[in-house]
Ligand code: 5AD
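Shown here is one chain on its own, the form predicted alone, set out as structure tokens.
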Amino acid sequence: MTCEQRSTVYVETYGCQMNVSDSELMLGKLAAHGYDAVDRPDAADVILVNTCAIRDHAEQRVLGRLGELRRDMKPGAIVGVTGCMAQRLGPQLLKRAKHVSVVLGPDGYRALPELIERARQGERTIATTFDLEEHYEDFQPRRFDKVKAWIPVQRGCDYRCTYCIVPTTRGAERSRKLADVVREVESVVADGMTEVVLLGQTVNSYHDGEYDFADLLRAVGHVPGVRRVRFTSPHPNDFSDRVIEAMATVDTVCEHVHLPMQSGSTRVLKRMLRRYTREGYLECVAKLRAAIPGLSVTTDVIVGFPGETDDDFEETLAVVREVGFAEGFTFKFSPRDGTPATRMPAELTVPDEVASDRLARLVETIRGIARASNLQQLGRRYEVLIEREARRGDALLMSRTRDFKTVLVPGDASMLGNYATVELTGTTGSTFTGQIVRERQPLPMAG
């Protein structure tokens, strides 16, 4: 390769928004070492697959994808597997995918350029050591999104839910310094973004030793140029009165919370080690809604957890109806090696056909509630941020309201990043269509 040629890198991301943020960090690190990002694996000198390990299905998808990439990659290209699946499987990945040269956990991105160079010399390397001081503060992320910024404020998790692999793949909880988060927010605002999403495994348990999550919301929410602040994913136990007050009083904090429930049965929640009861979850929702009028609540729910009975599932459906979730991400229980749930007695196993039936009923219930609610919204007007071109095309743009409604509006790419007032004209049950009543450019930056 001549000195005029720059190496190219392609990153493919699976899983949560924390993984998206990590991919941005890796691209930033490699850009600083002379790499250009490309959007096709067959055009890349380096292919990185940034992975999720939360469910077996996600890992099987990655293993299948690695096989596809082997057929399409350039001769001599380096293939690396990064993220949670890399952390969990380590050397097993090198055995199962002979063309993979680098296996890198979430705390190892600083070594990425060096490991790629070693791979070019024929060495296959693994870096899965945890570093509880690592927050990549000196990295300059190469962001995929030009409208909103995903900003990690916390890494790892100290909860020990019996079904969850995250503490194994991301280590113990640690929080960034508030001043460092604010500095990054100021940086993305200077780049023209007006919405920030604060990321953490249990983001509202954030504490940097001096400041808590309420302090963080206030500091970020008052950065000049920020118009919307979101966060994901919180834990019901960590919504202190201070945090709720900050959500209610900081104008830029949006009227939406994604509040994972997992089950509506106290018996199941206890086996999950979620550390709250059915009643405790409902009390949390009630406090949030009392403080924040018009709050939209979305959730995560697992069905088929070991020992879940028909009565337990009916309790889950009852909570779903009582809360009236705007949207739900629903899953069948997926056992993960190394988690306590895999050691529960075999007689507690819920048959797959039973879990599948429960999942279908749960999805139908959540969608029915959302559809009925959405029909009542037609004709109303909301402010939206126009985020991207819609996947379905037809000269449509995807936008979001403050309370996280998705609204498709007519327009072109020149409108991305702008705010508009829209009138809701139709709904598919989960997504709205709307007409722009008034379009507004982003506010000018302070200073």
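Residue numbers run from 1 along the displayed sequence. No experiment lies behind these values; they were computed from the predicted model shown.
Omitted here: the form predicted together with 5'-deoxyadenosine. The next part is about that form.
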**Contact segment among 130-138, 298-306, 345-353, 99-107, judged by heavy atoms lying within 4.5 Å of 5'-deoxyadenosine in the predicted bound form** = 298-306
**Asked** Closest heavy atom of residue 402 to 5'-deoxyadenosine in the predicted bound form, within 4.5 Å or not?
**Response** no
**Asked** If you check in the predicted bound form, is residue 143 within 4.5 Å of 5'-deoxyadenosine, heavy atoms only?
**Response** no
**Message:** Is it the case that residue 221, even though its partner is missing from this view, gets within 4.5 Å of 5'-deoxyadenosine in the predicted bound form, heavy atoms only?
**Reply:** no
**Asked** Is residue 260 one of the residues lying within 4.5 Å of 5'-deoxyadenosine in the predicted bound form, judged by heavy atom distances?
**Response** yes
**Item:** Selected contact from 54, 385, 390, 69, since only one has a non-hydrogen atom within 4.5 angstroms of 5'-deoxyadenosine in the predicted bound form
**Value:** 54
**Fill in**
Answer key: of 334, 365, 374, 125, within 4.5 Å of 5'-deoxyadenosine in the predicted bound form (heavy atoms) is 334
**Prompt:** Going by heavy atoms, what in 157-189 lies within 4.5 angstroms of 5'-deoxyadenosine in the predicted bound form?
**Reply:** 163, 164
